[in-house]
Structures are given as structure tokens and as C-alpha cells.
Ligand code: HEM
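The chain below stands alone and is given as C-alpha cells, in the form predicted alone.
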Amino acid sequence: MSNKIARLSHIAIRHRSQTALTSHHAIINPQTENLETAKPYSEIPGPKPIPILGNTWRLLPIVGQYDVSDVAKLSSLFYKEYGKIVKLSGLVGRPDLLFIYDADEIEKIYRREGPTPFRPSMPCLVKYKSDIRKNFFGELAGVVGVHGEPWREFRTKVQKPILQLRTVKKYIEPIEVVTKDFIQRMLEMKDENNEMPGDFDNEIHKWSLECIGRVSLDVRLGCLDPNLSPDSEPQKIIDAAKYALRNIAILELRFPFWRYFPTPIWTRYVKNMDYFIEICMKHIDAAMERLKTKTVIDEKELSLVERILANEPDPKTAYILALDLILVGIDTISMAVCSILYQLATRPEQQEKLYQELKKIIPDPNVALDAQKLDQMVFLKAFIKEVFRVYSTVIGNGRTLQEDMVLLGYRVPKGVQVVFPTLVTGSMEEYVSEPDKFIPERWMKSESEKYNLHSFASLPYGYGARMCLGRRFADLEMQVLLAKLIRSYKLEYHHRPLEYKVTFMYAPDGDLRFKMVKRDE
């Protein structure tokens, strides 16, 4: 939600309670916190660890209470059982996790952080980049799984073309071309009931990778070829990226033996990452060679890599950025789209409202999109934001504290990993009006006066310096897909309701057999 923070700042002021205003005073006057009189960290409630196994046993196979895919439910259970602050200690091989279910305290932490915020570190990816493949990454480890000054230096080099809105808008046309091809592919894959195949989520991953390749490298990878085989390079890139991200939780929340010797899952993880880099570098190298002889007539023809190379003498910077975009972008955008399409297909009244908006803005569905048209699609953007509030694809953000802090009356030491469960806080009545109702209009400027909405309750992209670097492109790709698809087709879903589960993202678990019906003009 790339514009949410700025747009909602005035709403937060209008609707914030006196308690929140007092908290804000503490934010700008941190000396009002008294570390000496705060309750000790040891008194924070939470599940009790047992000897040797700590709390790690709760996520073990067979003997554990929970599966890794149940982390979203676990976050909600913690709040219901223990309240607004919960400590999950005794995690073998990693710092404590401290869950904060208070939007004012979350705001305080975000506003107090310096220029190099530390996110919970993805130690498996850190080990891979800084140890296993140090010869490849060197001092340029990218933005994923990197922290501190190395992260800041790299992000400073690459952030302008990725975050500058006028630059992002130049990619509307190429993303629309890819999306039109994807919709044509959808028409080709329909069965006799006009329904998508059971593995439609994989087709969405192909669209996502094709968009990333076009935007970052100015190349069509061929992901939408109807004859693409399961062992094709595009499919292998998708499979490798999914494996890399979806096994992070298993590596980090269970016993981390992989840190000390090569366990089977760690060996597979390294082999998978090596293959991912090898196959991606093949395409990145080919793109770099094409750039040497490419004649640019229009600025819209420039890829992100080209924009970075124009100001960055070390081509390795562009290589590493492209790898990070592919690694993280494929699965995150794809699972967000799966969730959004599922919600649209199961909410026909709101889909109809979106269609009417699109019909007004684009009377002729064959006319190309542009920035002005997208800017008018206020309900479309509001629908996406409401899906993210209720079914946030990222179940929580977090920070590793860089100093001792008082949180909800407790003294929390430096080094603790604080979790902000946006999936829970975004549905708490004290921060969101009628949280159990799906109301996209709460995000629309024309309707916002009617609703209380704390600006730090639902932040799926995070906040501040470490907000998602690719959020503007993610938003653009989702907006273009919805605009092109819903303007011409109606989506329906006629099967059992799907539950949401966590892989790396939080998304519907099951076959997305959407029925695709051509609209009568």
C-alpha cells in the first residue's frame, strides 16, 4: 500500500484516542520513559519453555502443538490468551520473539528507529550470502537478509528508480502487455465449465515472473508459453524461489542444527539457492549483453537494471538487485494476487462495484491503461487494501531492538526481536471500526470520515526506511491485472470455501478453480 502512510496521517490525527495522543507525546519525548521503574522483562507473559527443548518443541513435527503453516493462528491465540504483549522465549538458537498487539507501541518503535533499522534477520539467508556464497556476493549482499550499514549502502544505490513514482509509472505499458498475454492464456486454459485448472496459482507465478523479467531486465522469459514444460527454466526459477522462501520458517523456528553441520534440509536449501542463482544469472548475463548493443528510443524502454547502471559504476549492484527482485518478488506478488482474486470471486457485490468503476474509467476495454486512468481507480485500490487488512499476505513485520525500551510498561532489552502481528492488529476494534466487516470504502478519501482507522494497525509493507523496496511495482502489477481482468470478465468460485494458511505468505490453501465469464458490453 504504497501511498497509505501519507494519505492516512490526517485520519490518525482525527480518530486517535487521547491514549494514543499521550503515546505520541512519549514518542517525541523518549526521556519520559523510565527504564528503572518499568516492570522486569522476565514478568512478560507468554508460553512457558521447558528444560532443554524450550518453546521450540511447540513447532516440531509429530510432538509439537502447531505446524509452521499455523503461525497466523498461533499469533491470534497468543493475543487471546496473554494480552497485548507476549514473550515467546526459549527458542533454541535464536533470540526471544516479543509479540506486540498495540498499534501505539508499534508506532513508537517505528518512529524511534534510526537510519539502519534491523529486521529479524533470516539467519539462513544471511549464512548463505555471507558465508556459503561469500565469493559471489562479497560486500554487495543486496537488501534481502542484509542489515545495518551494508544494507543502507546498497539500498541507497538502488532505491531511486524503484521507489520514484514517476519512474514506476513508465512501466504501465510493458506490464499491461504481459497481463494481456496472461489473460489470453487464461482463456486457453479454461475447461468445459469455463474454470481455471487446479494449479492456477502456478500460472499466476508465471505471470509474476514474466512481469519481473520484463521490468527488471527488459526481457520476455517465455513464462506464458502454453507449451512450457515442467522442467523448463522459467518453471525451475519459480520452484527454486518458492522453495527458498517457504523453508525459511522451518529452518528458523525448529532446531537450528544446520548452523553447526549440514542437515538434509540445509543441504537441499543451499543446493536450491545455488541453482536459483545459476539459472537467474544466465538470463541476467544475456540481458546485460543485449544492453551493450541496445538503442534506446524511448525512456520507457529502459529496464530497472539499465537505470541503475546509468548511475552505478559497479555492474554487480545491478546483478544482485535483479536476483533479490526475482527471489522475493515471484512468490510474494503471486500469493497476494491469489488472495485478492479469491476475495473478488467470493464477493460478487463488491466485484460488481469494481466493474462499474472500471467501466466508467475505461468505456472501451481495448483502450490502453495509463497513469491517469489508474489514479481514478479508487475502489480498486481500496479493495486491495482491505484484503491486505483482513487477510494480510505478510502476517507480521518486526524489528530487532537496538536499545533498551519500555514497551507496555515492561523493560525490554536490546537484541530482542519484536513482532508486529499486522494480521491481528488490523482486526482489533479499538484501532479499526467494524473490523469484522469487509469494507473497502474505509480506505477511500471520500468515505474515510465515517471510519476509525489507526495508521499503524495494518502495515503489510512495513514502515519507514525498511518498507518493502518493491512495493510500488507490486501495487502497479496488481492494479493492472485487476483492471484488465475485471473490466472484461467476471470471476466466480463455486467450490468449498478455502482456508488461509502460511507458506511464506498468508494465502488461500487449495485449488483456485475460478470460473471466468465474459462480460456483456
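A residue's number is simply how far along the shown sequence it sits, counting from 1. Please read these numbers as outputs of a predicted model, since none were measured by experiment.
The discussion below concerns the form predicted together with this ligand, not included here.
Enquirer: So which of 329-337, 187-195, 229-237, 125-133 is the stretch with heavy atoms within 4.5 Å of this ligand in the model of the complex?
Expert: So the stretch in question is 329-337.
Enquirer: Only one of M288, I361, L354, V143 has a non-hydrogen atom within 4.5 angstroms of this ligand in the model of the complex; which is it?
Expert: Selected residue: V143.
Enquirer: Looking at K294, R268, K373, R119 here, can you tell me which has any non-hydrogen atom within 4.5 angstroms of this ligand in the model of the complex?
Expert: So the residue touching this ligand in the model of the complex, by this definition, is R119.
Enquirer: May I ask whether F388, Y463 and R466 all come within 4.5 angstroms of this ligand in the model of the complex, judged by heavy atoms?
Expert: Yes, all three are in contact.
Enquirer: Does A474 make contact with this ligand in the model of the complex, using a 4.5 Å heavy atom cut-off?
Expert: Although this ligand is absent here, A474 would touch it in the model of the complex, with heavy atoms inside 4.5 Å.
Enquirer: I'd like to know whether R411 contacts this ligand in the model of the complex, with contact meaning heavy atoms within 4.5 angstroms.
Expert: Contact with this ligand, no.
Enquirer: Using the partner position in the model of the complex, report whether L341 sits within 4.5 Å of this ligand, counting heavy atoms only.
Expert: No - in the model of the complex, heavy atoms of L341 and this ligand never come within 4.5 Å of each other.
Enquirer: If we define contact as a non-hydrogen atom of the residue within 4.5 angstroms of the partner, is W151 a contact of this ligand in the model of the complex?
Expert: Yes, contact at 4.5 Å.
Enquirer: May I ask you to list the residues of 202-226 that have any heavy atom within 4.5 angstroms of this ligand in the model of the complex, in sequence order?
Expert: The stretch touches the partner through I212 alone.
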